[in-house]
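As structure tokens, one chain now follows by itself in the form predicted on its own.
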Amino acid sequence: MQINHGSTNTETSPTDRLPDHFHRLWNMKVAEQIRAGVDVVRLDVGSPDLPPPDEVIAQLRQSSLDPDKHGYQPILGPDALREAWVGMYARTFGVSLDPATDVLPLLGSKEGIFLLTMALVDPGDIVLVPALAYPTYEAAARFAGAQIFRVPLKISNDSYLELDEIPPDIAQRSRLLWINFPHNPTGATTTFRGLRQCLEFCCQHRILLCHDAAYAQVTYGEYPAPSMLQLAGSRESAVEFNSLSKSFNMAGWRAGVLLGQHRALSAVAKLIPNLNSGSFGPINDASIAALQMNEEWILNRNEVYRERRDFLLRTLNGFGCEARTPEAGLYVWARTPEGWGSLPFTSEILSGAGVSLVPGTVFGPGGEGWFRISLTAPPERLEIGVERLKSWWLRNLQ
């Protein structure tokens, strides 16, 4: 596995180090199709189509009538919001957290990924990223002037990183190791064994383990997604990101959190007042309402996604498209036809079938030959999109 140095030109600006964001460029392609009169079915973005709970919307509406909630709020989050995250982690994961030191609310977890990297990574440092990963981990590292080392990832229902593939000199220079379970884009899951291996490796090499748990409450059947913070010793060597975007269908509300190691949280807390002025008061109150809800709403919502997943897998397998069966998350990870690369295939499906998918290479070189389908579309749109994909497949490949 080779280290990716990126640009070494010291005269470039930090933004020059950033790759063009896939969805910004892809949305331009989609817009072209729409202007041409194509009814494009969007199965690319993981933005929930279902609304948040009624109680959450009601709380937002009620709080918005309070004139005191429209001014600046506590920049690092109100105490009640921190305590609500503590309560959710206690009920869901059996984890005991201190709201004063272990919890830092964020304007979405994506903000936190960037801020943590800015706070802890220097130019020339190394950031360890799974071979298949959410692109923001790499983008943040490149912006900081760091180098990327891609760690092989064994995909299964007991996924793990092949940490023995990391050379000792690379480990010595590494500052962060990113992991993400349930996994975007594949839906792969892990157990405490996989998490513990990562934690032990990071403890040994004095690397901060960063667990992105954005999909931890979108699970199917009896599978319970673990929290990194359930492991002994995690508070000293790890942080965990979480979010209400996927768990409560609140992607546009930008309500996330950073939990765990006090030193890392303190570093991010120093940056936040220089970058924003806190979140909207009614959103804070509505987030508290979401975090205090019982599990029944989540279970019922997850059943909707499970039905969509099963329909999609049944249809894909029916016309010969190989796909993984995810135990969690919002996506199905499927193989492109033989002889097709990820980007050429998804571009052809967009122009030839009017369906927008995500090429696997967005998530790293290990995604070549794969594409991602999102479950976050109403059933009627999902059915139309998959029927178009099936028609193209049978017409061109049989």
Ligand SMILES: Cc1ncc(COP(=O)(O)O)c(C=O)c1O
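Source: prediction; values computed, not measured. Residues carry their position along the shown sequence, with the first being 1.
The following text describes the form predicted in complex with this ligand, which does not appear among the structures shown.
- Screening 90-98, 263-271, 166-174, 242-250 for residues having heavy atoms within 4.5 Å of this ligand in the predicted bound form returns a single hit, 242-250.
- Not displayed here, this ligand is kept clear of Arg196 by more than 4.5 Å at the level of heavy atoms in the predicted bound form.
- Remark: Lys110 counts among the residues lining this ligand in the predicted bound form, judged by a heavy atom distance of 4.5 Å or less.
- Tyr331 belongs to the set of residues with a heavy atom inside 4.5 Å of this ligand in the predicted bound form.
- In the predicted bound form, this ligand lies farther than 4.5 Å from every heavy atom of Thr117.
- Checking Phe201, Phe149, Trp85, Tyr134 for any heavy atom within 4.5 Å of this ligand in the predicted bound form turns up a single hit: Tyr134.
- Shown without its partner, this chain lists Leu153, Ala238, Ala214, Leu312 as candidates; in the predicted bound form, only Ala214 has a non-hydrogen atom within 4.5 angstroms of this ligand.
- Heavy atoms of every residue among Asn180, Asn184 and Arg254 are located within 4.5 Å of this ligand in the predicted bound form.
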